[in-house]
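First comes one chain, alone, set out as structure tokens in the form predicted alone.
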Amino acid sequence: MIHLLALLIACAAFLALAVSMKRHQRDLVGRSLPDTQARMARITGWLLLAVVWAIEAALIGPAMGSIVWFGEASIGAWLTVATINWKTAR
């Protein structure tokens, strides 16, 4: 169950990182964000990825936690890209 939570946090992290990019702001938010909000979204995305790593490292150790973190981050990134593509195709 905690891995599902970590996966959801990874998806939120990559969505925050996507929102911080001007290229995806209109697709996801519907408008361009001011630089301060884009910077906060970028910081939030990286902090959420760090939280996911901390969760995995606390559960199964830093070595195996890093491997699982890479997997969850990859799935989160893939789901984010799929979401952006789905949203722009509509």
Partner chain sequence: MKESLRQSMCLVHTWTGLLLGWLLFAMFATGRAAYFQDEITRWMQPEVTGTADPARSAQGAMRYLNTVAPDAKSWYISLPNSRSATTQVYWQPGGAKPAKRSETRALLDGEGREITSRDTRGGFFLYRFHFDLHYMPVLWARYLVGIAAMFMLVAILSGIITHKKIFADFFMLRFGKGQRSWLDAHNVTAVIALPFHLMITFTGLVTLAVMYMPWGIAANYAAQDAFYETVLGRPGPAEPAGKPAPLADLAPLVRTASAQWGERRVGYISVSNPNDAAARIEMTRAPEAAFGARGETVSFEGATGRLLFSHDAKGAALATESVMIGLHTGRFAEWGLRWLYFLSGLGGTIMVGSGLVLWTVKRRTRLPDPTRPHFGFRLVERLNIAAIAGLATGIAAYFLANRLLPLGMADRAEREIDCLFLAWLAVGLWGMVRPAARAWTEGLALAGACFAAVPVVNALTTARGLVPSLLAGDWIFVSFDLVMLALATGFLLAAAKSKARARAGAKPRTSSRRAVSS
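Numbering follows the first chain given and starts at 1. Computed from a predicted structure; not experimentally measured.
Same protein, other form: the form predicted in complex with the partner chain, not shown, and the subject of what follows.
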- [ ] Using heavy atoms only and a 4.5 Å cut-off, determine which of Ala50, Val29, Met64, Ala58 is in contact with the partner chain in the predicted complex.
- [x] Met64
Open item on the list: Check Ile75 for me: does it contact the partner chain in the predicted complex (non-hydrogen atoms, 4.5 angstroms)?
Closed with: yes
TODO: Indicate whether the partner chain has at least one heavy atom within 4.5 Å of a heavy atom of Ile9 in the predicted complex.
DONE: no
